[in-house]
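First, one chain by itself in structure tokens, the form predicted alone.
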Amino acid sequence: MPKTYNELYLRARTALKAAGVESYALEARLLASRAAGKDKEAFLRDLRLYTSDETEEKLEALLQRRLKGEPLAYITGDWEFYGLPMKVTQDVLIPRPDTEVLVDTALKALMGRKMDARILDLCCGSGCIGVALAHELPAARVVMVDVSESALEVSRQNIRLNRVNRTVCLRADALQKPPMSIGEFDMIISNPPYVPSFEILTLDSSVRDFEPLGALDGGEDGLMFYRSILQYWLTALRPGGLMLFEVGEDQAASVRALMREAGMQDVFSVPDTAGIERVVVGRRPKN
């Protein structure tokens, strides 16, 4: 029997609520509109219209994926970061609100000073950081680097989606020396893998079972990438330039110490909205 879009939405909402999904109403609407091939406004407009068996089958397939724990962002392929639309796949981490603190800190450091800065987004993943900075700083030149070619393809999609200019992608490994041709930057910003290896299995199943392990695993103590970036990539930072890291909970003090050991000056931390030290900043000496 034909069903209306509203009936499909209510079916999904009931199933998600019963499964304990916190944002069950929002997720039901997103899944139903995805199955219908409609944007949010068109879906709400057409709630009273009858839909097809094909749409109902598509919704059921999407709903079963969500009920098995797959994150909504991977099912829909869309997410939002810093007010911008982002494409995501299982080749990249889903952008988190915590990372917006990293972008805020970078903008505060650059606004009114060097609007045409050359910025390196290292371990860029989806490219959400670099794209957000390029969007907010149209005169800046942004290079987004990742070791994963699949992740870089997602970054390229987000560059095109958000129509940011002066932004390019480059494949390189943060655990090795940078390519000689990469040049120097006014800012290096990075949200590297920082989960200690032994903690991977303790993560929520939605993270552990679906998000890319390579974007999570920070080595034995979670600090492997910070050490390597400070060892190898400081040569790509201009004297007086800034390096910004996102860090995990309880890692800020260790990363500050690593920065100081590497000779960085003016090292400090920035808390997120929960009061957790989320960003660590340091400046390369001018001489």
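This is a predicted model, so every value here is computed, not measured. Numbering starts at 1 and runs along the sequence shown.
The next section is about a form of this same protein that is not shown, the form predicted together with a small molecule.
A215 is the sole member of L152, A215, L72, L84 with a non-hydrogen atom lying within 4.5 angstroms of the small molecule in the model of the complex. The partner is absent here; in the model of the complex, the one residue of A117, V164, A174, L93 having a heavy atom within 4.5 Å of the small molecule is L93. For P193, a non-hydrogen atom is located within 4.5 Å of the small molecule in the model of the complex, even though that partner is not displayed. Stretch 215 to 223 is the contacting one of 37 to 45, 59 to 67, 231 to 239, 215 to 223, since its residues have non-hydrogen atoms within 4.5 Å of the small molecule in the model of the complex.
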